[in-house]
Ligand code: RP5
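Shown next as structure tokens: one chain only, the form predicted alone.
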């Protein structure tokens, strides 16, 4: 990745139902003034769309991919297998196993195909956006400044004493 190039973050999810969680990525990136796109790509139901998307990541100026998925949660790993751009996986809570299945699926990648795995659900979605910002901040001073400002305001919001 080139210094000071305006890469965007790509937020992808396996289905419409994942958007309830993944929209928190959008909100966090908007607060940091980071460009992003949002798409639905199912590893199982739209494999051609997945392949086309992952094959064009570099051409489409995507610097980091945040992939949210539930259940078998193969989306982050399949994307990571097709691109060398950083992929951050957000396990979406499932009905049957409360997201543990998603977490294990995303985190248990074979050697050589890394996926950065975040927490299950809302915290994972927000932290994925912050981690994406942190990665891009290595190449963009404006993002670095926004992220440092955000972190400082978070620190200042913690009271010193209980009331």
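Numbering follows the first chain given and starts at 1. Only a predicted model underlies this, so the values are computations on that prediction, with no experimental measurement involved.
What follows is about the form predicted in complex with the ligand, which we do not show.
Although the chain is displayed without it, the ligand can be placed by superposition from its pose in the predicted complex; doing so yields no atom within 2.4 Å of a backbone or C-beta atom, and the site is open. Of the candidate stretches 113-121, 30-38, 65-73, 52-60, only 65-73 has residues whose heavy atoms lie within 4.5 Å of the ligand in the predicted complex.
Not displayed here, the ligand is approached by residue 15 to within 4.5 Å at the level of heavy atoms in the predicted complex.
Residue 45 belongs to the set of residues with a heavy atom inside 4.5 Å of the ligand in the predicted complex.
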